[in-house]
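A single chain, nothing else alongside it, follows as structure tokens in the form predicted on its own.
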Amino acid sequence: MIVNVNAIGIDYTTILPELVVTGTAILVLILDLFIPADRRRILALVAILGLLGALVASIPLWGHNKFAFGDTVVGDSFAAFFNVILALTSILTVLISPRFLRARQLDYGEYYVLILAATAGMMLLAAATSLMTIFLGIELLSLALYVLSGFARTQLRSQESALKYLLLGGFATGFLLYGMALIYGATGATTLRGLALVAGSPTAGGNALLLLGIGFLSVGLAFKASAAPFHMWTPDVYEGAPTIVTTFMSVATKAAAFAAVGRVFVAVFPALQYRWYVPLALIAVFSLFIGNLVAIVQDNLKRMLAYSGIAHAGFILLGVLPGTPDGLASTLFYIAAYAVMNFGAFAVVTSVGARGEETANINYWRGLFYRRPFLATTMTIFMLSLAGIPPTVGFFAKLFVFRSLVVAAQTANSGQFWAPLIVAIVMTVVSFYYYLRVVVVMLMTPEGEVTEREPVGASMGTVLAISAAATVILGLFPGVIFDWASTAAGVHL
């Protein structure tokens, strides 16, 4: 049999960011064999240079729509938007990792290999235009995160979190694969282009096999996005995993999952919006209720932020519900805003938690303004932004999502969009309690005399300063990022 290679559409520039990150991971793996244990900072430097290379390689994709490798991947503004978020998140993670890893006696070279492998999987997921590449991207990022969750190999809680993540992740993968199989059986296509043609036909809305497949696919993606009621792994894994790993996965995994959600539901199945609206709306409402209400009673800061992440998954999903590019643009802006403020919040927890996991208890944070004023100040900025208080970027993230629902309700002259909007507004007010509680605790007079102020460290201080500044500046000038998000949301298949 003769294979027409030209028909496949081989174009390595389309997946150049993924290739750069993968190549860097292999290079770090080889260098780890020769570099002494006391000089592993070099591995972090190589990882950062590779991620910067991927960031640069993503820029030429902006404004293009290049399909390659048999329509299984695409290089477009949507992929470039997520590549930038994922690369920057990984760079900041690697920057603050060496000090934390040394303090916790976890300074092993394979850590950087796993971070790079997870990043490559997330980038592939953002560029995927085939059910096969979506699955490959999810599995690549998942396998790396399973190992990272149990990276503190001598701690029982870390091993427990890895086991829970592995078992529940495998269960969710079953739903994902079964959904893909049903979709293929109903349409005879695996590429998103082929699926879009079938979904646009008048009979697609009555295809029970297709609708059931979409439902199972939604379960798998909702699991990765930490959306309720498929969220049960999130609090335990976030608490048990090393804090630096939680910092990375809390932002990057959610961004990659919603990249797939946005491309599948808004670009492929917009004609079936009346079919998938109710299930996704219920997932969003459940996430808002469970995330915010359970976060109120949490005394462990990592678990509180985990439930907060579940709630924010609900907010992000609200922008997908209208099934329009304008709604998707608000979702993309929210993801960018969430990446900045949530990464910063977990970075503060990472800095405080270098001494041990018991520092995640909120009682330890009493009087932090007196002991470590810089950390307390930046944490206050992140808490206010996560709550959605102006002039932070979190305020505009919620505002744009709410606006997309109002516009959709007025355009469709339908009341179906008002219910999730009202729930979101009420839950936003509820969230003020547990976010502002952290600020109040940090302002309390510390027990005992403050004798010294611990240094933050140059890398951690730089990362926190950048995150805090971005949280405020993007809140003052949100139009720039929203314009980029609007361009990226114009997904074409």
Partner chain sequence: MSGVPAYYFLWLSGVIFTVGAVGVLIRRNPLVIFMCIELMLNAVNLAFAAMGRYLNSLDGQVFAFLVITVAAAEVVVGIAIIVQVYRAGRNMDVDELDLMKS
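Keep in mind that what you see is a predicted model, and the values were worked out from it rather than measured. Positions refer to the first chain, counted from 1.
Keep in mind that the form predicted together with its partner chain is not shown, yet the notes after this line are about it.
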Notebook entry, point to check: in the predicted complex, which of 387-395, 172-180, 253-261, 269-277 comes within 4.5 Å of its partner chain (heavy atoms)?
Noted result: 172-180
Checklist line | Contact of A408 with its partner chain in the predicted complex (heavy atom, 4.5 Å) | finding: no
Notebook entry, point to check: Would N361 sit within 4.5 Å of its partner chain in the predicted complex, counting heavy atoms only?
Noted result: no
Check: Does at least one non-hydrogen atom of A208 fall within 4.5 angstroms of its partner chain in the predicted complex?
Finding: no
Checklist line | Contact flag, A103 vs its partner chain in the predicted complex, heavy atom cut 4.5 Å | finding: no
Notebook entry, point to check: If you check F369, Y146, F402, F286 against its partner chain in the predicted complex, which one has a heavy atom within 4.5 Å?
Noted result: Y146
Checklist line | Among the candidates M232, A412, L167, L293, the residue which, in the predicted complex, approaches its partner chain to within 4.5 Å (heavy atoms) | finding: L167
Check: Out of 225-252, which residues reach within 4.5 Å of its partner chain in the predicted complex, heavy atoms considered?
Finding: D236, E239, G240
